[in-house]
Ligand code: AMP
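What follows is one chain in structure tokens, specifically the form predicted on its own.
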Amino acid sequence: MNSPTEHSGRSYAEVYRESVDRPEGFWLTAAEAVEWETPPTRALDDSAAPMYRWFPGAVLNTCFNALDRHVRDGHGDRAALIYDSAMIPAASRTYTYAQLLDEVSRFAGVLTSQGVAVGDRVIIYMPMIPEAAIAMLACARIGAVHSVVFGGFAAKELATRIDDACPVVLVTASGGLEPGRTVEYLPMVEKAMELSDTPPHTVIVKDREQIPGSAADYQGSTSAWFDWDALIADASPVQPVPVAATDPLYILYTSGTTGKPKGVIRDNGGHAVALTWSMHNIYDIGPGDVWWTASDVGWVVGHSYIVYGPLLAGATSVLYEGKPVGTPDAGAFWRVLSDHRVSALFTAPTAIRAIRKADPDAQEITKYDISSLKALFAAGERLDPDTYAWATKVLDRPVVDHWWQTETGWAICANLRGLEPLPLKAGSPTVPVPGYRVEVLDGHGDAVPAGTEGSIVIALPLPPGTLTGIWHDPERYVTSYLAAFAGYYLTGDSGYVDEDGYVFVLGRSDDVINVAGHRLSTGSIEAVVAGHAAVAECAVVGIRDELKGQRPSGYVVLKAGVDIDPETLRSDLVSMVRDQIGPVATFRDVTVVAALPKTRSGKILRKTMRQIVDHEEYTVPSTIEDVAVLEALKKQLRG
């Protein structure tokens, strides 16, 4: 493995300054850690700004960089992927780099035999099984563009993505496993094909014996249905196909405000360079380390840090099918850390809060040896200071918040553990990552003083690895992200930068409420509420108030085994908010709920909660984890 991403003991400040002052040289040096068919001679193409492109004229193959080169260099026996299923323990297995390369190259042969060519799209609608990663890498191998749709999405949502991406092949499985139930995918696939105007000509099904349904049940439909195992048994392996660095690697759909999902485009070259750089410099992970991202391949975190990032770095990646609690208990994560000698764990704060709720005294962790763990990384939802403090105490390891988005593909702000670990501050993802010029602006587009809240933006151009546009909709890319402030990408988050240069992300800009003319962040109030000893997790939303316009209303989930009088809890929380934020918050509403509605990636559905409380019409989000939680909340709040 080349090591140009190692900065020879230089400080974060030096490296960051170089990335800002001399980005061309900085990213060409970083690109030396990637193996190219045609190396780049320049980093940035700004000829069509604001539609920037990275490493024009360069040619590579992402799959070759993730697999082939490690095998070629003598590391074929190193573990590449560990599949750990809490749902079917007997199914767990480890793939070496050589074994994974064999599986990927043969499935690439399957796709080629089905007519998939460079630039064609392939929808992957899979549970958390190795075949999901294999299908992604196989697409990358032949220059096809994959679009992973979270397994279990409803037929209508799947059909919408099919019609936007226009895939030639759809890869799926008979279903997914959840605690106490199974989710059959094939009826949803069939319905989505019926709803679609552009159904793929081929469906490939990985049969799981625990779930009924197979490709054989759907013969005679307009599309041809095939069994994964039957096809791959006869497949010939294919070699990687070189593609332009600027060619798309994948499309990943993220929810849009209009209801139509936005297809974020990720390129091959910038993506490979950025993720390779990030694994060493942000996460301090390299060859031989065991890395576990407890997410799903359907989300951007799964793309970047279950599949591509760790394999590009030559590390071992854990792919976990299970939950933080309930499979079978709140010790599930600690068991995985112990069994596989995990070096670093990356998960969402909501997973940590779920563990804390079920096991507030952390009794389960005492059953396992987690001495291999160097750090816990959190992203996806604001890491409130109380959860940060609990996890730090329980793990006795650095708990590292970092902040990024589906659109960016990797961290905007982080504590760079492989470059220069900086002091951690509760509530902050630390500092901007090299390449990201983060600023905070007021409503007029002017920079605000340190400590002053405003809109967090990133000066253009965005660094490599970030989105290069919206699939078949460049105008929407501009209107969604670039139109608010000239020369800047709008993150949609509000926050501030303190005197030390640390960034504090307080929440989505629409989570800032106006109370009698005072702008308050619901995230700040949540941080106070979450600090109460009885509270496992919470959400604060702004609801209508005839006198003040809006007022904050709190919804809390109690820790397991806690028994507290609701009025006592309300009084405590009102006093805490008054003391820490001030009377201006006018915080007085506290409701204890059994659970908070969330997306499958762990984000709390605050907007939907507000709509319920304000008796507004609302649409159940397609990404919801458990619709029963929302229904119970509606019944409780509306009567």
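No experiment lies behind these values; they were computed from the predicted model shown. Residue numbers here begin at 1 and follow the sequence given.
Beyond what is shown, the protein has a form predicted together with the named molecule; the following relates to that form.
- Taking the partner from the other structure, the named molecule in the predicted bound form has a heavy atom within 4.5 Å of a heavy atom of residue 508.
- Of the heavy atoms in residue 403, some are within 4.5 Å of the named molecule in the predicted bound form.
- Using a 4.5 angstroms threshold between heavy atoms, residue 381 counts as touching the named molecule in the predicted bound form.
- In the predicted bound form, the named molecule lies within 4.5 Å of some heavy atom of residue 254.
- Exactly one listed residue, out of 110, 419, 300, 205, brings a non-hydrogen atom to within 4.5 Å of the named molecule in the predicted bound form: 300.
- Listed residues 493, 284, 473, 103 were compared with the named molecule in the predicted bound form; 493 is the one with a heavy atom within 4.5 Å.
- Stretch-level contact analysis of 527-535, 373-381, 475-483, 235-243 against the named molecule in the predicted bound form, using heavy atoms and a 4.5 Å limit, identifies 373-381.
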